[in-house]
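Presented as structure tokens, the chain that follows is alone, the form predicted on its own.
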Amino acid sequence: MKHLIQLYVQQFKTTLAMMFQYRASLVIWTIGQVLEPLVYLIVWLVVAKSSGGSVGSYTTTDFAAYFIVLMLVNQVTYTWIMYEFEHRVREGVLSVALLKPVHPIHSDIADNISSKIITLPIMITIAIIFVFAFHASVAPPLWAILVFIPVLLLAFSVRFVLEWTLAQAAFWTTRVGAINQSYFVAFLFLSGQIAPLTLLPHPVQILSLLLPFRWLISFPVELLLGRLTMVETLIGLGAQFGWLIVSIILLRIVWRAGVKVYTAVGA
């Protein structure tokens, strides 16, 4: 454990230095993280105003609060491993990582957290500006605020492990663009990124309960907005823990099988 902590500390230092080296790329990525929920917010504000000021149980101020909180939740939970892993396999970059005495996933965890340390203060500042600009209303009960942090950390953990597992499809096919796109389309609709799930057709809502996507984005967002009861929150926590266990088991199985068939195409 001591050596692992030292590894993370050193990896944080290295990654943070790299992040500051590529500031322009970081700014562009951050802008992308802001623009997507902003576009959805503007669209739903127009729809709500044309429908008399509300859609379902969401008023214009509710929509503003929803997409602002969603922007922050997505920022904390996002990963880029599904795009990166294909390059590692195809170009043989993974070969170097396999020679190291620790699992490559630790480096990715440190990289991901480092990027959030740098960008999250910027995102929070933007969120505060949006709150005043769009008159957002966020007033959750105290217990929901206290539970929100562990729920958010679990959401990040599940999303990271799940996407790291799916990224390993590159072991068997060096082009995984179609797999990535299929995953992100499903994620977009079933996680609540396009619209609050309660506004979608009932079959879609049922499907979102069975798949992990809702528990990664919509669940923490609805919790902080005060739209969940304690019972619903406990059910959501159970779902997150369950998917985390399933994702870790799948990660170990897929990793062991994938390394056996690994071929560095570009090496």
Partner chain sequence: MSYFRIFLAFLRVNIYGETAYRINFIIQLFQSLLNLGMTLGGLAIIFTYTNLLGGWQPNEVLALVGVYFLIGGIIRLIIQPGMEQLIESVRDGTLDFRLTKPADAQAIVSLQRVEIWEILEIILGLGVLIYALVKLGEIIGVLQAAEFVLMLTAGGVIIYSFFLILSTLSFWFVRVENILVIFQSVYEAGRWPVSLYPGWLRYGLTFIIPVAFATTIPAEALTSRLNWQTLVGAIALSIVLFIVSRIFWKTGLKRYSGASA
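From a predicted model like this one, the values you see are computed outputs, not experimental measurements. Positions refer to the first chain, counted from 1.
Only in words, not in the display: the form predicted in complex with its partner chain, which the text now covers.
Visitor: For the interface check, one of 173-181, 116-124, 154-162, 70-78 should have non-hydrogen atoms within 4.5 Å of its partner chain in the predicted bound form; which one?
Guide: That would be 173-181.
Visitor: Since the partner isn't included here, can you check whether its partner chain sits close to all of Ile28, Tyr40 and Trp44 in the predicted bound form (heavy atom within 4.5 Å for each)?
Guide: Contact check passed for all of Ile28, Tyr40 and Trp44.
Visitor: If you check in the predicted bound form, is Ala195 within 4.5 Å of its partner chain, heavy atoms only?
Guide: Yes, Ala195 is a contact residue.
Visitor: Please determine whether Gly32 contacts its partner chain in the predicted bound form, using a 4.5 Å cut-off between heavy atoms.
Guide: Yes, Gly32 lies within 4.5 Å of its partner chain in the predicted bound form.
Visitor: Can you tell me if Glu36 lies within 4.5 angstroms of its partner chain in the predicted bound form, counting non-hydrogen atoms only?
Guide: Glu36: contacts its partner chain in the predicted bound form.
Visitor: If we define contact as a non-hydrogen atom of the residue within 4.5 angstroms of the partner, is Leu200 a contact of its partner chain in the predicted bound form?
Guide: Within the cut-off, so yes.
Visitor: May I ask you to choose, among Ile105, Val185, Ile128, Leu146, the residue with a heavy atom within 4.5 Å of its partner chain in the predicted bound form?
Guide: Selected residue: Val185.
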